[in-house]
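Given next, in structure tokens, is a single chain: the form predicted alone.
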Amino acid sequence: MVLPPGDKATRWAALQKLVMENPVCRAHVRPGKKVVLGVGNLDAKIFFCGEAPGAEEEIQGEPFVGPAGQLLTRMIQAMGLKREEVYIGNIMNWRPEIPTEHGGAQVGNRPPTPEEMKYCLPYLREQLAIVQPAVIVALGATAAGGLLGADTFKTLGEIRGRWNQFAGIPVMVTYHPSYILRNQSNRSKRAIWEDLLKVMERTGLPISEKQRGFFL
């Protein structure tokens, strides 16, 4: 994949055109739905990476806009940032399909296969090359497996909260926001918050005593 020379906005626009017109991506999108590319600040220090679009995302054509995305936005705000100040993307550019009867609406989601993620990974690499973030936050086991290799860990707990690396960029693996939606305990919230505190420290964001004490 070769993008035309130019500034970040020019290269990102060229990448968006490539993704939106990709015949494989388009073939996997149901009628009336959208291919999804990442969004956000092209100069962001923090790049949040999920696995794949869901129902709301393939309608709006933007990652993390459903309930999990709304929680992610609140998490970003707790870090002292706005959603527009970070970059948010997925490894996958389409919602992994589940067979439906008589062409009906898809109910539920499934994790993308390694083959699907392998196909889309070059587009993620190009987004990273354009944004050049200081860190990547991998949201959930599937995203972590897509970036680091699913054979490098058995459970998310083995690598969560530790620094890894992808494409020369530090990676912090943490829980997907949907995990917090299913587990509303302070313990679960504190676990993901501790990971985000490490990201804040790594990127030089100010941390107040109040922030350090969240969910204790």
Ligand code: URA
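Not measured: the values here are computed from a predicted model. The first residue of the sequence shown is number 1, and the count goes up from there.
Form predicted together with this ligand: not shown, discussed below.
Original post:
Does at least one non-hydrogen atom of A52 fall within 4.5 angstroms of this ligand in the predicted complex?
Top reply: It does: once this ligand is placed as it appears in the predicted complex, A52 has a heavy atom within 4.5 Å of it.
Original post:
Looking in the predicted complex, any heavy atom of H176 within 4.5 Å of this ligand?
Top reply: Yes, contact at 4.5 Å.
Original post:
Quick one: is F48 in contact with this ligand in the predicted complex, heavy atoms, 4.5 Å cut-off?
Top reply: Although this ligand is absent here, F48 would stay clear of it in the predicted complex, with no heavy atoms inside 4.5 Å.
Original post:
Could you tell me if N90 has a non-hydrogen atom within 4.5 Å of this ligand in the predicted complex?
Top reply: Yes, contact at 4.5 Å.
Original post:
Exactly one stretch in 145 to 153, 163 to 171, 57 to 65, 181 to 189 has heavy atoms within 4.5 Å of this ligand in the predicted complex; which is it?
Top reply: After filtering at 4.5 Å, what remains is 57 to 65.
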